[in-house]
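One chain follows as structure tokens, the form predicted on its own.
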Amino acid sequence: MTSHQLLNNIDHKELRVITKRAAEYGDQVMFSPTFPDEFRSVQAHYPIFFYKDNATGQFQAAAMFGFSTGENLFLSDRGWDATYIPLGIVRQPFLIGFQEFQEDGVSKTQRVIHLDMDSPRISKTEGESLFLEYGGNSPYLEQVASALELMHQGFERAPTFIAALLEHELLESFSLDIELNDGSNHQLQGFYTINEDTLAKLGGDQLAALNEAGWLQPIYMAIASQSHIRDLIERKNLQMARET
């Protein structure tokens, strides 16, 4: 359940947000949605796959943290074990909302920040303040606002990127079979990746068009990120070893 409220410095003046990374704060997730403009940072630590959103039926990019629902192999007692955390995780418990207003008799829409009041990160005693003593935004809230703006712009552009991948038949489904050190086998299904063979067969004009649109770099970033599949497997092996 979520309870979204328009953030303001009156109703939420005393609220704080816990920024520690732990399962109890909702970080125990298998993946986080991401977008092409974030691929450069994401690919440094996480494999980037694609999936179909159940609600919309549209393809979406994902930064992968584990192999099964509710598994985040980057979480430990010490927090999140990576120097970059995707914005889809960092922005919690904030969301972008839209608010209509009148200007010179014309109805317009502006972006606003909403707060999920049911989030376990919300506190009155612990965490980062949202507002300064006299009502201004705290430095933390300014950082959140910047992150939300980057996400908004990135996700607005993402469907055009996905359309380009589909146009050139660059997405393919795959099944990943994993054998761990303890002999157990696991399988990752339901995700898609870049078809490198199809990419290699594209003509110069097609590649030039992708590059001009700004999509060639994120395509190669997504491909490069696949090297982190082995890192995830090693994290899983270490987790299994600690539990035995």
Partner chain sequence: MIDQVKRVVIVGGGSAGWLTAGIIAAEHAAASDQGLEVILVEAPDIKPIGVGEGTWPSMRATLERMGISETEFIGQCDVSFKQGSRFNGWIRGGDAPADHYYHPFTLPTGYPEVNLAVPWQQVRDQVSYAEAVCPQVAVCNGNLAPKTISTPEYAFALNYGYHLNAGKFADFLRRHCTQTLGVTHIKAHVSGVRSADNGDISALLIDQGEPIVGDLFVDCTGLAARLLGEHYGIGYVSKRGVLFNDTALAVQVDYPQPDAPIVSHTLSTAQRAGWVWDIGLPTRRGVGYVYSSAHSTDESAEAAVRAYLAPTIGKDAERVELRKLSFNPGHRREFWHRNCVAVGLSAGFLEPLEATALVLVELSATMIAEQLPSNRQVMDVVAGRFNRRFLYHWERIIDFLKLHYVLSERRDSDYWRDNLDASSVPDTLAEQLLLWRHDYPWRQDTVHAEEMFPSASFAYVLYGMGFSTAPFPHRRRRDQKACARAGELFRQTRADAQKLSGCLPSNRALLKKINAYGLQTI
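Everything numeric in this text was worked out from a predicted model, so none of it was measured. Positions refer to the first chain, counted from 1.
There is another form of this protein, the form predicted in complex with the partner chain, and it is not shown here; the text below is about that form.
Undergrad: Check whether Y192 has any heavy atom within 4.5 Å of a heavy atom of the partner chain in the model of the complex, and answer yes or no.
TA: Result yes; Y192 sits at the interface with the partner chain in the model of the complex.
Undergrad: Would A200 show up as a contact with the partner chain in the model of the complex if we use heavy atoms at 4.5 Å?
TA: Although the partner chain is absent here, A200 would stay clear of it in the model of the complex, with no heavy atoms inside 4.5 Å.
Undergrad: Taking heavy atoms and a 4.5 Å cut-off, does N185 contact the partner chain in the model of the complex?
TA: Result no; N185 lies far from the partner chain in the model of the complex.
Undergrad: Could you tell me if L166 has a non-hydrogen atom within 4.5 Å of the partner chain in the model of the complex?
TA: Yes, L166 sits close enough to the partner chain in the model of the complex that at least one of its heavy atoms falls within 4.5 Å.
Undergrad: All three of K52, Q58 and L171 touching the partner chain in the model of the complex at 4.5 Å, heavy atom to heavy atom?
TA: Every residue of the spot touches the partner chain in the model of the complex.
Undergrad: Want to guess which of 58 to 66, 210 to 218, 40 to 48, 26 to 34 is within 4.5 Å of the partner chain in the model of the complex, heavy atoms only?
TA: Selected stretch: 58 to 66.
Undergrad: Could you list the residues in 114 to 138 that come within 4.5 Å of the partner chain in the model of the complex, counting only heavy atoms and keeping sequence order?
TA: Counting only heavy atoms within 4.5 Å of the partner chain in the model of the complex, no residue of 114 to 138 makes contact.
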